[in-house]
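Consider the single chain below, provided in C-alpha cells and representing the form predicted alone.
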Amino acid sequence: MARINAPAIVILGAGALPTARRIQASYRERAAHTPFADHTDCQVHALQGRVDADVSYRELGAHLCELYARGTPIVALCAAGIVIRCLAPLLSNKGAEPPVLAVAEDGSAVVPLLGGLAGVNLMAREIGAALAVAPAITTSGELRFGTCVLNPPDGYALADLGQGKRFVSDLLAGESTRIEGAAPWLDDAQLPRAADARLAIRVTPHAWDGREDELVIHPRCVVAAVAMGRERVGGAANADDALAAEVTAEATAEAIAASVRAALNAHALAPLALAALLAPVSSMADPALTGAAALLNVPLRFADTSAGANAATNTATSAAASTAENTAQNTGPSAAALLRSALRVPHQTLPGAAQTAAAHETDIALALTALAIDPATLGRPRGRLTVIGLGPGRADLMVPAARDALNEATDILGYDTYVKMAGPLRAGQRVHGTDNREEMQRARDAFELASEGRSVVMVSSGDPGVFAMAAAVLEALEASGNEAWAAVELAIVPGVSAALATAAQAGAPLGHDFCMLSLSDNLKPWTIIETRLRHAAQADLVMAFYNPISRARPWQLDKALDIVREYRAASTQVVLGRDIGRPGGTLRTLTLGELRSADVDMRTMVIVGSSLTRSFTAAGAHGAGWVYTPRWYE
C-alpha cells in the first residue's frame, strides 16, 4: 500500500506565499497525528527568480503537468482556469487522477477541481478548515451524504469502482443501506440507513463475489510472509551469467507473486486486502523479492527471524507471527487461529508459472489482523544509499534523479558546503555535514545509517564518480566485509561535472579525445602526476585539471604547465572556469603562453586544449566567442 503523497503547493507570486505557508504548516502538523500519512515533505513550489520558496520551477504549465503525471496532489494558488487549461490535455482516466485544487492566493476560496476518487474533497475541507473558509464542493454524493463513499480512508481499498458508482447512484435515487464491518469513518456520514436495506456496505478482507447490491471495501490487513528456500548462486561471473541471473530473478519474482496470489485465493482473500510483503532480513538483498513486491503493488518489509531446523518452513510462520503480534493492537483470535493452521501454500501446488522459478522454492504464510495495517510499522524497509552529484551548483543543472533522491531521503551526508548547495531540504530530514577531509568516515557513517533501514543520500558536487564520493563509498563497502552494508540498496546518480559545465559555457573544447587529471598529491605521489601529465601531453589529449592549486600546494600548477609546454605550442587554447554554475561564476579564454598560476585558484577548472583546439568569434558586431576541438584529427 502506498503512503499518501504529500501535496505540492504551487504559487506564482510573492503575494501567495503567506497563504501557501499556512497550508504547508497545517499539513506538516497533521502528519504527526495521521496514520498512513507522511506530509512532512509538503513543499511550496514557486516560479524561479520571482519567489524564494522550497522548490523552484521555470514554467507553470510544464511543472503542473509533471506533478500531475507523477501522481502528486496539487494545490495551486492561482485562478482555476489557469490550472484547467494547463492540465486539460492530460485528462483521460478519472480513476487515476491525483487531487488538484485551486486556492485563491489570499486564502478566500478553495475549489476542488480533479481527483474526486482520490480524496480531493477531503483535502478541500482540510485546507478550508486551515484557512477558515468553506470549500466550494459541488459533488452530489459529497453534498448529500457529507462524504465520498467511493473514497475510503488510507488503509482501505474499494473493490470495484464501476460497482461503486452504481451503488452511489442507487443511494442518490432514494435507496437505503446498511453497514457490515467496521467503517468508523462513516459514523458521521448522512447516509440513508436501514437495518433491512437491500444495499449493504461491506468492510471485509474477503474477495467480492460480484453481488450488485453490495459496496465492498477491503481493509489492508493481510501480510504475506515469504521464506526463501534453496539459495541462488551468488554474483554473476560474466555478462552471460549476469543476464541469466537477471532472468532468474525476474522469474522468481513472478513465482513469488503467483504464490502470494494463490495463497490469498485459497482463503478467499482479496488481493487488495494485502498490505505488505514481509521477508527475513537475511533475504534483504534478493532482487526477486523487490520484483515480487512491485508486481503485487505493496511495500516490501523485513523482519528478524530465528531460523530453526527447517528455515524454509519456519521463517514464514515466525515472520507472520511477528507481524500479527507487533503491527496491530487488536489482532484478535482469528489471526492466531490463522497462524496455528499454518496457512501456507506448498510449492508443489502452485500454478505452473510459479513452478518455473528455477532458483529455489518459497513458502508463503499469511497473517490477518483485525485492523488495517500501516506498513511503516512492519519490521523495517531495506536501507538505501544513493550517491548523487549536484552538478556545478545551479539548481536547473542538477539531474532530476538527484533531486528525487534528496526529496525522498531521511538522512543527507556530505561536505557542509555541498549539503547547503543541495537545499532546500524538507523538514524532518537529518543532515550530517562534515569536513571535506573526512571522506572515508563519511562513507562508513552512510552505510551504518542505511543498514538501519534509512534512506540515505551522499552528496558530492559535480559528478559523484569524478574525483568525488562514489569511489570512497565503494572502497568503504569493499573493505568492510560487512553483510549488513552489502544488503543496502546502493545507487550512484550521475551529475554534470565541473569539466563538462565549464566546457559547455566555453563551447566544446572537449569535442575530441580528452582526459581529466587531479593535480592534488594528497592521495597519490607527485611522481605519478608528472608521469600522467607527460603522457597526456605527448598524446595530444585535451586536459581538464581538477584541484589545480591551493595554499598548501602553491607550486604544482607551475610545474604541471612546464611539462605541458614541452609538448604544446604557446598558442594552445586554454579555458578557465571559476565557480561555473554558481553565483559570481566567471569564464576566461586565453593561451597557454599567457596562462600564469596567479590566474587560478582551487575553485578554477583549467582546460588545456590539444593542438587542434581553436577559438573564434561568431559573425556580427556582438558575436559570441567560442572554443572547440574539432571531431576530426589531422
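Each residue number is its position in the shown sequence, starting from 1. Given the structure is predicted, the values throughout are model-derived calculations rather than measurements.
This next part talks about the form predicted in complex with S-adenosyl-L-homocysteine (SAH), which is not shown.
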| item | value |
| --- | --- |
| Options 506 to 514, 196 to 204, 70 to 78, 464 to 472; stretch whose heavy atom lies within 4.5 Å of S-adenosyl-L-homocysteine (SAH) in the predicted complex | 464 to 472 |
| Contact flag, Thr604 vs S-adenosyl-L-homocysteine (SAH) in the predicted complex, heavy atom cut 4.5 Å | yes |
| Contact label in the predicted complex: Ser451 to S-adenosyl-L-homocysteine (SAH), heavy atom within 4.5 Å | no |
| Partner proximity in the predicted complex: Val575 to S-adenosyl-L-homocysteine (SAH), non-hydrogen atom cutoff 4.5 Å | no |
| S-adenosyl-L-homocysteine (SAH) contact in the predicted complex: Phe302, any heavy atom under 4.5 Å | no |
| In the predicted complex, the residue from Arg582, Arg50, Arg588, Arg30 that sits within 4.5 Å of S-adenosyl-L-homocysteine (SAH) by heavy atoms | Arg582 |
| Position in contact with S-adenosyl-L-homocysteine (SAH) when the complex is considered in the predicted complex, options Phe145, Trp208, Tyr156, Tyr546, heavy atoms within 4.5 Å | Tyr546 |
| Stretch 388 to 424 - residues with a heavy atom within 4.5 Å of S-adenosyl-L-homocysteine (SAH) in the predicted complex | Pro392 |
